[in-house]
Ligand SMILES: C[S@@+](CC[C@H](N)C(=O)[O-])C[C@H]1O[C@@H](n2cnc3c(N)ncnc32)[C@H](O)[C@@H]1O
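A single chain, nothing else alongside it, follows as structure tokens in the form predicted alone.
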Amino acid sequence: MESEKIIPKLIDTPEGLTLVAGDLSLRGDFAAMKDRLKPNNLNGEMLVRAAKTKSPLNGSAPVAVDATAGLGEDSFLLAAAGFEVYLFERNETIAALLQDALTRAQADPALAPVSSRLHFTPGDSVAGLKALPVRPDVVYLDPMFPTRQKSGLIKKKFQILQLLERPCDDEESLLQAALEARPTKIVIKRPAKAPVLGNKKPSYTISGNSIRYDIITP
């Protein structure tokens, strides 16, 4: 007998909006990142190192765009590092989780200064990149890991996301929109052994054990 398909459901809980699918559950939680925001830890984050920029284009705080925001953890790291961050998330369910996490962070005195630098818009990032109010210093792309990627490289709880959203199937249009935004650099998160995004060779790469950041300097 064929097993019944698991349909994820959003549930309001005392801890916050939670996505539940069978034994799996997922909730945005920036409070869990407080240790990562400490200066010594933050400066060691690969993403922060990859996104670092010397001279902001707009003369004050550097501007980053997270075109594939997901639950916003990477955006939160960039905001903690001093970026003004514009976030886009096209999946309505994931966007609801992200908005709930942001609302809770704004009510937390320890997180509010960082969350105030996050500007979230639910919807398609290709359109969002074309309508930015400023030229960004950095565009960050984190397409979902390819389906062929071994699940061991993905945190178990994030397996639930693959029930909602397919890995990026419009790589070329996403990358082209990022290039047309004319940033100083484009930072792309990839599994360590995955092919480059959109067949675009990076200018350089920062590598870890299981992931890498490909940096394109247009």
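Each residue number is its position in the shown sequence, starting from 1. The structure displayed is predicted, hence computed values, not measured ones.
Same protein, other form: the form predicted together with the named molecule, not shown, and the subject of what follows.
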> Just one of A80, I94, V138, A105 has a heavy atom within 4.5 angstroms of the named molecule in the model of the complex, so which one?
Replying inline: I94
> Does P62 reach the named molecule in the model of the complex, with heavy atoms at most 4.5 Å apart?
Replying inline: no
> Looking at the partner-bound form in the model of the complex, is G70 within 4.5 Å of the named molecule by any heavy atom?
Replying inline: yes
> Is S115 a contact residue for the named molecule in the model of the complex, using a 4.5 Å heavy atom cut-off?
Replying inline: no
>> Please determine whether Y86 contacts the named molecule in the model of the complex, using a 4.5 Å cut-off between heavy atoms.
In response: no
> What residues, if any, in 120-134 have a non-hydrogen atom within 4.5 angstroms of the named molecule in the model of the complex?
Replying inline: G123, D124, S125, V126
